[in-house]
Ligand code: BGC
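Quick heads-up: it's one chain on its own, the form predicted on its own, in structure tokens.
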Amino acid sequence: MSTLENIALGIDIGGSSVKGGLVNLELGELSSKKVKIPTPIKSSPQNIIKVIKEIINDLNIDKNIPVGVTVPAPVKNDVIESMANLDSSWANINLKKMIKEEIGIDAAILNDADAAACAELQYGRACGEKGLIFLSTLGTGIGTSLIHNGAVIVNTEFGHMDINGIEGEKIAAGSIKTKEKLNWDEWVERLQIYYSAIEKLFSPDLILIGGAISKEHRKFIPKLNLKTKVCPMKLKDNAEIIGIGYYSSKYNKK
């Protein structure tokens, strides 16, 4: 049975939607419905804060549980230095401070892919794995994180890595498949270019792929021709919510 001691709230801000849910920290799974709200067209910090507040009200959370929020950008001391897939007004925003002022909640803030890495390390396919793991989420952009011998290396931005003069996520993000109406084989060609470049740079021991499209992993992962083992993330598109819930429970104990 879930108790307040093993429950946290995770909220994942994405380029297409903002998702939130209560996380059972013992089981590493959602213990509530997942609330999903389209990202406002004007995705300013002020408008996103309104959506966060809506999710919190919808889930009717206890004020004493840990809360965490992810963003698709690097986070340093709770400050977002730059933002690629949301409104440019996010630059230099202290999101933790803003949430505290606007909603009255002390939230932990983390990059979305790093939150997914925390989830996979604690509850998923990275648990017990040694060596170097390259984790990527294929969505509006490509979020990335590295896990080395059980430690998450935060704020990597290899979705923006230059490949033949083009950013990696402009070649192979999940949104590109939709935007350019690529079939699976055409998209796999793009993924092959991206992951071959990653493999050449890092020689990882394992590549994990997440994002909502990873539910369809059988349609593309077996077609990749890589030396490295490639697997879908166990927690798929819930990884960011579960990971930031876990991270917030540890963060609030510091």
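Here the structure is a predicted model, which means the values were calculated and not measured. Numbering starts at 1 and follows the sequence shown.
FYI, the form predicted together with the ligand isn't displayed, but the following is about it.
- Though the partner is left out of this view, I142 does reach within 4.5 Å of the ligand in the predicted complex, counting heavy atoms only.
- Taking the partner from elsewhere, K100 is found to have every heavy atom lying beyond 4.5 Å of the ligand in the predicted complex.
- None of the heavy atoms of A117 is located within 4.5 Å of the ligand in the predicted complex.
- Although the partner is absent here, H148 lies well away from the ligand in the predicted complex, with no heavy atom inside 4.5 Å.
- In short, of 181-189, 220-228, 65-73, 33-41 it is 65-73 that has heavy atoms within 4.5 Å of the ligand in the predicted complex.
- The partner is absent here; in the predicted complex, the one residue of I105, A84, M161, L132 having a heavy atom within 4.5 Å of the ligand is A84.
- The partner is not shown here, but in the predicted complex the stretch 99-133 reaches within 4.5 angstroms of the ligand through a heavy atom at N111, D112, A113.
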